[in-house]
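This document starts with one chain, in the form predicted alone, laid out as structure tokens.
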């Protein structure tokens, strides 16, 4: 929606008078960037400035901005039928569920919601009820990892392992436990990466045993911890976690909200490992954020426990907008674009190139580590390379500010764990061109050069 006869200052004044921004400090004092247009990997603000969006919005605009075929898919569906409750069904939902099962290469039942938080809340409710109806009513607890993010609603936030996101909102939903994730940059010097990752996996088994294994319903994990600092496990970790879950009757819930739909160079992040999750949650890249939609994919043998005539054995959960016909139509078009343009493979190629071009940052006095999985990258900033002391907010914020001043938006693991919000994040659209990548590299090199 383009503005008419509105000066940039008028827009700012109206914004500050009426809008409470997400995650923003000093909201009443800061001037927001008001986006007015977007195309490809670029967005334009109210002052006419253009920026390459190195974060795909909030880790979500995988196919890039301004796709007319996406808008057309939504328009066509809205014109034909704008709404149908998922207590029944509709054609786009059926087609999308079938397509998702093809992509998952397995048989799941698809439950539609609106957001990643919703999808994870559904997963927790399903897991608890499944165990109840499967004769193990004592199983209600979930294990998650510190630094992971699983959503902002009370259950999903309880699963989240970022204390700053929870501070002043507790007590949250009970029954959520946390263990440390593998952080390979900060592993003990005496251990190999595999030894360290196996140790971290065994800590999950210890937690299961110490908490009484008959009380553990599920374990939720991102294939790569993204917003918590781009922490990439060794494959031995994920595969050991599945083995532990299977041995103790614990459901493995894979949170693919960010890692899914090509971001990591595979269709889903867990496909980098030899695992088969019991439940898979997805959102963001499912529609490339053109419309809200999320999915909780549940293994069919779990679903079968709900599919009986016992009173109250059905899943008693409803979501007004979950599975909206237009959202499902957009998701199908989004997946079609990804396949036609081979964007999953493109993510792997772009990620490798970005990692190669920025390898030289490893010698920068304030860079401790540079890591990526596909087209998502973390640059860990430190005050001292020997002690690995995390960089200050001021140092990290200066890099982000200078990148923006040079036309590049990057992110960080902000408001996660006190003292460890020191990791810059890059998550550009998978459709980014070679020129876009060259621009990202040139700006980052220039900014770090100016901050040696």
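Everything numeric in this text was worked out from a predicted model, so none of it was measured. Positions refer to the first chain, counted from 1.
From this point on, the text means the form predicted in complex with a small molecule, which you will not see here.
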Contact residue in the predicted bound form, from 208, 126, 217, 258 (heavy atom within 4.5 Å of the small molecule) | 258
Residue among 322, 368, 233, 151 with a heavy atom within 4.5 Å of the small molecule in the predicted bound form | 151
Stretch from 249 to 257, 176 to 184, 372 to 380, 84 to 92 whose residues place a heavy atom within 4.5 Å of the small molecule in the predicted bound form = 249 to 257
With a 4.5 Å heavy atom cut-off, would you call residue 267 a contact of the small molecule in the predicted bound form?
-> no
Might residue 229 be said to contact the small molecule in the predicted bound form, defining contact as any heavy atom within 4.5 Å?
-> no
Consider residue 197 of the chain shown here, and say whether it contacts the small molecule in the predicted bound form, taking contact as heavy atoms within 4.5 Å.
-> no
So in the predicted bound form, does any heavy atom of residue 117 sit within 4.5 Å of the small molecule?
-> yes
